[in-house]
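Have a look below at one chain only, the form predicted alone, in structure tokens format.
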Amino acid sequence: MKKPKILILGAGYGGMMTATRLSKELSYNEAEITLVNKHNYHYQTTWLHEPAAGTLHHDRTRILIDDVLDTNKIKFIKDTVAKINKDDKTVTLANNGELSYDYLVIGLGSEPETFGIPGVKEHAFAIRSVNSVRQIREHIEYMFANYNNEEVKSEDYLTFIVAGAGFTGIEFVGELTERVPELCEEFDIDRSKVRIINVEASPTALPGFDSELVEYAVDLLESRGVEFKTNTPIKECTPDGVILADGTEIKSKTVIWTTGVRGNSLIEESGFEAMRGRVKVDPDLRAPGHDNVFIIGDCALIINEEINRPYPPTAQIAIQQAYTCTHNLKALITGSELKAFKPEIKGTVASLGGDEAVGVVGKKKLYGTSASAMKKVIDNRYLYLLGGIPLVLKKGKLKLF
């Protein structure tokens, strides 16, 4: 019999873990598996706030695909997906023509959500990739270097606006508070001249998070000099900063946009019914009406029935989806029973820079160094699932306290 072709698009958390699991669950004779990704590496999205601030080298977030995948079982193609032709069961690549498939796994990740606010795409930075965070770090350093070189010193160079106080925004702000004192010393600048302003449209930072943990996080970051402006929507992003909904202008040469993400625009362009680039998938993670197409990660919309709201598109959920997706692909090939995906939220931890963090694991609230240690455990656990102990030793965060 002809071997079925499994095509995986994207090497994010969901796609990478699906490829890894399939190489272990299926023999070479059972399926022909291909992974397509625009880079030859997988990167840890949940670590990107650190290299963006300059507290971690960006290479630490990158994992070469060839280092963790069995390329004898899985073919890897470095290319960009141009179009998904679901009716023809083909995918068009930018440089390598068309690939046919019997089963498709879409894990193409996310794009920054601008909510239609003018100027965001043109004038703000986004924490979204290795290249983007490298640009942010270099820009921040340039702002410090440029400040003392100007005859008329502009405070705009030393004002950093972070739009959004969700997890990414708060974690980036935390890392920036760690980095700023080093930059001030390096460039001979008084720390009091530097402003870090975190603007959030919701009434509180870390919306939806436990109020005691939010208070701890805000108090800690304010003690490091962060200014919070909650319940403050941004109306426009300009070359000179941002304009708030009430007309107030905050001048800055650096705006970092962290207000959330939407699914990859290719989803809608390929004709899938979606909301903000996310498809409300069937319980078994297949796209409605397409029994051979699985959608996972940021492109999948899963409703939490208890509160009738979507689960946030987190790495934790994407990894869990990969296990269910792998099971169901094997079930389709072997003729066994598919299973429904049920998220199991084990906990959520937000780092605050240095050895500080806040989080909930199970029903227990964690603060400070214990939360920071748990964050490192979570990070190392993913590396272990992906590449075993060798990958943990190579890329892991091994200092727990």
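Numbers for residues come from their place in the sequence shown, where the first is 1. Only a predicted model underlies this, so the values are computations on that prediction, with no experimental measurement involved.
What follows is about the form predicted in complex with a small molecule, which we do not show.
Which is the contacting stretch out of 285 to 293, 306 to 314, 214 to 222, 142 to 150, given heavy atoms within 4.5 Å of the small molecule in the predicted bound form? So the stretch in question is 306 to 314.
Does the 4.5 Å heavy atom contact test between G109 and the small molecule in the predicted bound form come out positive? Yes - in the predicted bound form, heavy atoms of G109 and the small molecule come within 4.5 Å of each other.
Check whether K38 has any heavy atom within 4.5 Å of a heavy atom of the small molecule in the predicted bound form, and answer yes or no. Yes, K38 lies within 4.5 Å of the small molecule in the predicted bound form.
In the predicted bound form, does N264 come within 4.5 Å of the small molecule, counting heavy atoms only? Within the cut-off, so yes.
Given that the partner is absent here, does T61 sit within 4.5 Å of the small molecule in the predicted bound form, heavy atoms only? Contact with the small molecule, no.
Looking at A274, I196, V81, I189 here, can you tell me which has any non-hydrogen atom within 4.5 angstroms of the small molecule in the predicted bound form? So the residue touching the small molecule in the predicted bound form, by this definition, is V81.
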